[in-house]
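Structure 1 and structure 2, given next as structure tokens, are two forms of the same protein chain, each shown alone.
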Structure 1
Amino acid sequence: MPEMDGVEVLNQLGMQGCKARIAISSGVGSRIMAAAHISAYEHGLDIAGLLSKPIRLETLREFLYCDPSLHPSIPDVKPAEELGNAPITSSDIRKAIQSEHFRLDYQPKVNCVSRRVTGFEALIRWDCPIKGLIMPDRFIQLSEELGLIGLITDQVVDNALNWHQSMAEIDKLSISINLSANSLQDLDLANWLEKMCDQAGIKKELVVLEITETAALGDQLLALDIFTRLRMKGFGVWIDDFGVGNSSLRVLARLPFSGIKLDKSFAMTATTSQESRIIIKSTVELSHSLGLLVIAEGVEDRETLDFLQEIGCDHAQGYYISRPMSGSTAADWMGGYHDRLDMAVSG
């Protein structure tokens, strides 16, 4: 500055892989700041919050010294940096499948009222010995195009169910698994998942399958048959990233979802955007009138979680609660989190 405006600065910081926590401060208005927040998040930046000018000393002090009592005790770090942007080949993916280089991290979900953990979402990562950590946006689509996504899904489901079986509170916790659009082309999907759950000793009612709206818009008759069979067997089926597609309402009316997952862009801007708050509140009301549960992802501060509780949202997920963590870390984290939560309530 003044050679670059704030958006350009954020763009440059993202390109340089900046890991510092960043506060966005401006007097341009809440809607523009909210848009800048979303842009920064998409660039991979860690945004601590928004400060509207003029800034009062009390506001700044509260912002810098907020109460961390309910924050997780795991380090506040992002995943290891990917090593370069070398192209990924079909041979790379085949070797990763054969060598089982795909692993799962787990991010908790909490009840918006009790704040207790209700389940975890399994998130795939690729630990490549040559390229380093590779996130799913770099290999899922290619795996689908190569017809290899089914083999990856086999490993994901097997690992997620086995990990869930090892958790102490298995009868209370759900496990969410993301399914590829290709999975919705297999009418036998419900039978296969039922068999996997039986082998792992897990109740089907505790397994939530997250499917993007785009995936559901393929062969809708086949999707309807598959979704109906999944629901009849007891699986939860949630529409993921709700609110960013072109036909969300039509999909809700046609397919037997049991819940929706609001796209993270709404919760991320709930504290600064009246429009986001209205959309979240309206979506919760609509969903409940249809008998659906709602989870908001992208929750990055306590104020947003309090707002979700106030409007009756069912579940929340996001960095304020915890970043994704390894399976070995999750059990210890949950015990410590509930201990701190109980202490906060009793205090």
Structure 2
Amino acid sequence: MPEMDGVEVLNQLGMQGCKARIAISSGVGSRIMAAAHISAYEHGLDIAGLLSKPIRLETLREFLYCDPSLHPSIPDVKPAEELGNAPITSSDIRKAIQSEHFRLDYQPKVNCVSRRVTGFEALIRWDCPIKGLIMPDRFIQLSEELGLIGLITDQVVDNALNWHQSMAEIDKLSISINLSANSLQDLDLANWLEKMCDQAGIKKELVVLEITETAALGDQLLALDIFTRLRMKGFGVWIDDFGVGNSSLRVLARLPFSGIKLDKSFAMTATTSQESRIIIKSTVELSHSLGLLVIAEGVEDRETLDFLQEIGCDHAQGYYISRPMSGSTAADWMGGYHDRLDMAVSG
């Protein structure tokens, strides 16, 4: 690389939409490598892992043959390739709402000790007949800006609650729903959600609302009222992407959250970055002292799940357990996953 440094190469690959799996190798030290990893991830690159120089042959061999996508217990339900990057217009989104082209995938979360499934998070996808599969990062923010997110949230809540009703052992499974900042402007949110739960016949205690820190920072007084109402009615309210916003601690102290969801960038780098491990451990301690539960997302390997168990983290979510799946696949997957777990415990 005579003309560009490694970081610039990663930026260029990100801009060109490179889909190859990439290994980052350098002799600069683990902290800088971990930073490069996070930056590459944020550019949308698929990073297979980090290799510190000098590279030993055994390490390289282990690295090449430990591809988690080859791990038999991980169902490989990667989303179909997105078709092109044509711009999305407000009329596209309106049509999608009318024609109900949005659907939900579900990703399980597990208890770090028992490893059993404690709930699922609903994640929206847009099956556009013209543009193909479109992931939420491409349309949620735009829908918020266009004032269309409320209509999308209505469909998400309706679908997620109905799906939850169709699952076995529902009394033990929570359902997590992502709410956008705009929902926190609506003082009637708690009443509306309560009505939706009553109609679907689901206990409010099983419904978890995930709200990002940045969203909660908007109009704090209004958010405080809305959160308090939601919590009084029994809903769980979790702060999403914790640790990447700008005044996390103030938000934690002020708003009545039931738990925090540590941003996936920490668990994803836990095996390679001591700093990430320290942040995870300290956040777990801080949250427990405040009486909050903690979930780590972005768990991509067994080593990270074992680490989370060791430091007392409550829940984990990530590709190592399962990628997000369609509603019917999720139901089958859970049966098989618990059978394998019981077999591992008994013998």
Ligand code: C2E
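Everything numeric in this text was worked out from a predicted model, so none of it was measured. We call the rigid core whatever largest set of C-alpha positions still superposes within 1.5 Å between the two forms. For numbering, take structure 1's sequence and count from 1.
The chain appears twice here, and it is structure 1 that represents the form predicted alone. Annotation for S52: C-alpha shift of 2 angstroms or more between structure 1 and structure 2, rigid core superposed. With the core held fixed between structure 1 and structure 2, H43 has its Cα displaced by at least 2 Å.
Core-aligned CA deviation for S326 between structure 1 and structure 2: less than 2 Å.
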